[in-house]
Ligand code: 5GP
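One chain comes next, on its own, written as structure tokens: the form predicted on its own.
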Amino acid sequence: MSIDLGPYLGAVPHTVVERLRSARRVLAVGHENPDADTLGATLGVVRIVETLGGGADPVCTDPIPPLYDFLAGVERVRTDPDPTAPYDLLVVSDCGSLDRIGDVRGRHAELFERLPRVVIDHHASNAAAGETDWIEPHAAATCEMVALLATRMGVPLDVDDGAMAAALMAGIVMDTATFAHPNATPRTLAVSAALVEAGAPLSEISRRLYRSKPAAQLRLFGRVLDRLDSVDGGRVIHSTLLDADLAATGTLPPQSEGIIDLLAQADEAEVAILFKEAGETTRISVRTKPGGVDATVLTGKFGGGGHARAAGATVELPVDKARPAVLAEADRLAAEVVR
């Protein structure tokens, strides 16, 4: 029985479809510090364009973490555009703002400014408002949107022996924690069912992203969890990831993914925060409970954004100074929650 996504295709803007149809060489860009959603969406855009007879190059400013080596086509991702390519369209996927593209945007400023642009994103904090900017905060993942885009454009989800379906499913699995987060909607489940039908190995993707970790990564988690602390009687829970933790365990920054979701499991906590040392700055990841603190309000105080339940920011302070400033704001917001 074929899954019918027809009832959901009206969400795909006509302007986005037409601009992609007319493009002959697309520069498909994801965000810095890539995750499964930005990679899956970017690779999905590439396959849509190529299936329709055009050319496309996937680009990410940072190297791809080994965690995502199982995604077919991920080896094609470049850190810079092809200097000889006659690009005629820029497609930016899963970037809450253009700053999230990272240093590659600065290295090729003229190209990024010159190209017509399509933005496909699901972050509530994204303020893009161009006629070809498709921002849908209620989508669980940008990959959910790209799956609808492919279907709307007549590209089968099972192209390349299911490789596109697997990449798009990886993004949905990561951004919903395998459908455990409240952002998974009936449409998310319908799209996911269609991707499974198209060949996406759901259980294997979930295992690779959430249930398979090298021993060094487990040791990293242990160090950070051992540093667990709280304020306001446990309504705000937090921990800190130091550069020294990475060095001591022989791990890479991307291997810290998942720690914040463990912190967020604390029953009594309205807000969970992971502070990540980043030289003279500090990155924060925030998770909040449904019906309580809006995570974008907290991170927005420090120039960040994201979703109501999951957001992040880079604080322009070293970790020892960033921590009290962020915790004070988190404490204030958590104290306003009435259950």
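All values derive from a computational prediction rather than experimental measurement. Residue numbers here begin at 1 and follow the sequence given.
What comes next is about the form predicted in complex with this ligand, which does not appear here.
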#### Entry: Close approach of G304 to this ligand in the model of the complex, 4.5 Å, heavy atom
yes
### Query
Would S285 sit within 4.5 Å of this ligand in the model of the complex, counting heavy atoms only?
yes
### Query
Is there any non-hydrogen atom of T314 lying within 4.5 Å of this ligand in the model of the complex?
yes
### Task
Flag R100 as yes or no: does it have a non-hydrogen atom within 4.5 angstroms of any non-hydrogen atom of this ligand in the model of the complex?
yes
### Task
Given that the partner is absent here, state which listed stretch (55 to 63, 40 to 48, 305 to 313, 22 to 30) has heavy atoms within 4.5 Å of this ligand in the model of the complex.
305 to 313
### Query
Of R152, H123, R235, H238, which one comes within 4.5 Å of this ligand in the model of the complex, counting heavy atoms only?
H123
